[in-house]
Ligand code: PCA
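As a starting point, one isolated chain is supplied in structure tokens, in the form predicted alone.
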Amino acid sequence: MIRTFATLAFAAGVAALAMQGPAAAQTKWSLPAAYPTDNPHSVNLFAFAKDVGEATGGKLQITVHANASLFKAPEIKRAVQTGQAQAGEVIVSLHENDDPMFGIDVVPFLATSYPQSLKLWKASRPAVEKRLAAQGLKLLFAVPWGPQGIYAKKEINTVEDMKGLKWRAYNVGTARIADLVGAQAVTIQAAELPQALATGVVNAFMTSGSTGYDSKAWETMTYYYNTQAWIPKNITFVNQAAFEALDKPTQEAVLKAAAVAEERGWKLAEEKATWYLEQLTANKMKVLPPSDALKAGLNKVGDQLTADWLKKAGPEGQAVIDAYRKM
């Protein structure tokens, strides 16, 4: 027993000495995210974490907590600001109430294709970075969702058909759509959507093909109208103080991996967008283009939402949109 204890003590001493070497410099970050592990956004985050670990020789280890397992979507940004987590990923429009610039990518029909969306991101990124920096956050990268369409249990041929629907809202824009068409807005984040659909809390919503796939929308919904209203983005960011605590080579490794993640994420999103719609069809959903009447009605809603956004965003918002349109 004495010999065993001595052996353990010796091993502990060796471990303590080892901790004074390279392992002592090891840093661990938590990165909460809101979407399932097989969602393209989560897949991209896992690849980003792996890239950082490899580039730093394990000096910085990032653990991705997918599917809102650590913090719910609305809590993630605040958790990173307060240091409860070192990094995080959120759909940026979730925080439009904090600042209108966070909602520029959900202004309907402003950017409806991936090339347009990328231009809009390049035009708006400096303003978004500035606002995050003021909140103690450093932007790392942004990745888009698929174009937004309408899921419904019943046929929707005009905006009047949307009146009275229990409409899932996940940000300011989707809640405002409900107001304008006479639907009842119910705030539901992605992780809670499957249960909300199963229990009938909502019977219509606007989101991407991937979120419809993740929530198995075909189990409760019949129609998907491919309106391509906008292409929202998720942003990944880090607590500024946590980033500054890293040595220079590690900081550079994080930024390099972030640039790779952004490029990979945009490519993956575009590749998967069509696949997700094919999966909806394969699961017996009716995937349809919007009727001319529905499209015209949604364009009017879009005009109103654009006016609302510009009123909130002011001259700087107009300047960003002007810069985007000149690209």
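What you see is a predicted model; the values in this text were computed from it and never measured. Numbering starts at 1 and runs along the sequence shown.
The following text describes the form predicted in complex with pyroglutamic acid (PCA), which does not appear among the structures shown.
Enquirer: Have a look at 251-259, 143-151, 179-187, 123-131 and name the one stretch with heavy atoms inside 4.5 Å of pyroglutamic acid (PCA) in the model of the complex.
Expert: The contacting stretch here is 143-151.
Enquirer: So in the model of the complex, does I91 come within 4.5 Å of pyroglutamic acid (PCA), heavy atom to heavy atom?
Expert: Heavy-atom contact with pyroglutamic acid (PCA) at 4.5 Å: present for I91.
Enquirer: Would R168 count as touching pyroglutamic acid (PCA) in the model of the complex under a 4.5 Å heavy atom rule?
Expert: Yes - in the model of the complex, heavy atoms of R168 and pyroglutamic acid (PCA) come within 4.5 Å of each other.
Enquirer: Determine whether any heavy atom of Y35 comes within 4.5 Å of a heavy atom of pyroglutamic acid (PCA) in the model of the complex, and answer yes or no.
Expert: Yes, contact at 4.5 Å.
Enquirer: If you check in the model of the complex, is P232 within 4.5 Å of pyroglutamic acid (PCA), heavy atoms only?
Expert: Taking the distances in the model of the complex, the answer for P232 is yes, it comes within 4.5 Å of pyroglutamic acid (PCA).
Enquirer: Looking at Q86, T207, S117, T236 here, can you tell me which has any non-hydrogen atom within 4.5 angstroms of pyroglutamic acid (PCA) in the model of the complex?
Expert: Of the listed residues, the single hit is T207.
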